[in-house]
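The chain below stands alone and is given in structure tokens; this is the form predicted alone.
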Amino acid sequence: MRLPYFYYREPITIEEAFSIMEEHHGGARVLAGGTDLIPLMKYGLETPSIIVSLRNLTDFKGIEAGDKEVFVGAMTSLADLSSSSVIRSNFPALHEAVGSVGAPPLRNVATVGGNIRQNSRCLYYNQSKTWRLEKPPCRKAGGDVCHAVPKGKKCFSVYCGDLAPALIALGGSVVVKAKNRERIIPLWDIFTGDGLTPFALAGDELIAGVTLPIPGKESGSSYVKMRVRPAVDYPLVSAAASVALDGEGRITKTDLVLGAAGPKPVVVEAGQFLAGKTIDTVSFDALNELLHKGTQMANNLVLSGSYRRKMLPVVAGKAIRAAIRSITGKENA
């Protein structure tokens, strides 16, 4: 599959990048690592007239560790993130999430910002133009039908990013910049929950990076991802858990976020349910009702929605147990 024709710009400063975006009235597409955008262009799903590469923006690269928080630039490669001792020692869930993205060659070019901003996916949308011609265009492709949920009135495409659930569970905030303004907001707030337009960002805004609060000593985290082929697949269900324990091993704080469970990451209000419990007394089956709240498991990935729904407590349970083990160090916990 060949790429369509497009203009390509490679600014060397942030100011130049914003000027180009302003010149094209928000119509320019931003290129980070390209591992999401380029395949979409080859499939004919994205046809930008101009692409602005951010590869030279050094201000958007790197990992800076302070006393209370860590900043990760949006153009930091996933390989650099994975090899960072700061990330590995303080944020196990993020380290595990990064390591689960594709294979090493992909992680060499994929970026933090690109992974966060990856488009939502659907079995009936992410196909070649020839394949899609056999059916009427779906809602995400500009039509008015949903092939996954025939009577559905909205797009059920799934957000399949690995980093965002982990970053949200870890309390991450995103730094968003435009030409004359900057805002720092909880990462969860950039998601709309609408499969057609998954992000609440203006056309002139760029993700500059993510800030993460450094967790306390009795805190741990983990990320668990279910997929068919470990080296290449997007998550079919994932869970990121961040927990804190008291001196006797009882849970005092839980942040649990599900991935690939709808058009945006799903935050599970499990803190009150798990408070005071230990790894031996918590029942993940009892979490079922909480885990299903807010999820939208349609038949639009390679495994059925009903099967993926049944796997929610399994994946979430593994993530919470692994998060506790990252504190206690007990392999059999």
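The first residue of the sequence shown is number 1, and the count goes up from there. All values reported here derive from a predicted model rather than from experimental measurement.
One more form of this protein exists, namely the form predicted together with a small molecule; it is left out here, but the text below deals with it.
* Asked: Is there a heavy atom of Val232 no more than 4.5 Å from a heavy atom of the small molecule in the model of the complex?
  -> Although the small molecule is absent here, Val232 would touch it in the model of the complex, with heavy atoms inside 4.5 Å.
* Hey, in the model of the complex, is Cys160 touching the small molecule, heavy atoms inside 4.5 Å? -> Result yes; Cys160 sits at the interface with the small molecule in the model of the complex.
* Asked: How about Leu37: is it within 4.5 Å of the small molecule in the model of the complex, going by heavy atoms?
  -> Leu37: contacts the small molecule in the model of the complex.
* Using 4.5 Å between non-hydrogen atoms, is Pro198 touching the small molecule in the model of the complex? -> Pro198: no, not in contact with the small molecule in the model of the complex.
* To do: Considering the small molecule in the model of the complex, find the one stretch among 84-92, 181-189, 161-169, 214-222 with heavy atoms no farther than 4.5 Å from it.
  => Selected stretch: 161-169.
* the small molecule in the model of the complex: contacted by all of Ala261, Val266 and Gly294, heavy atom 4.5 Å -> The answer is no: none of the three residues contacts the partner (heavy atom, 4.5 Å cut-off).
* Scan Leu274, Leu287, Leu54, Val70 and let me know which has any heavy atom within 4.5 Å of the small molecule in the model of the complex. => So the residue touching the small molecule in the model of the complex, by this definition, is Leu54.
* Interface residue in the model of the complex among Ala110, Ile251, Met226, Val210, criterion: non-hydrogen atom within 4.5 angstroms of the small molecule -> Partner contact (heavy atom, 4.5 Å) among the options: Ala110.
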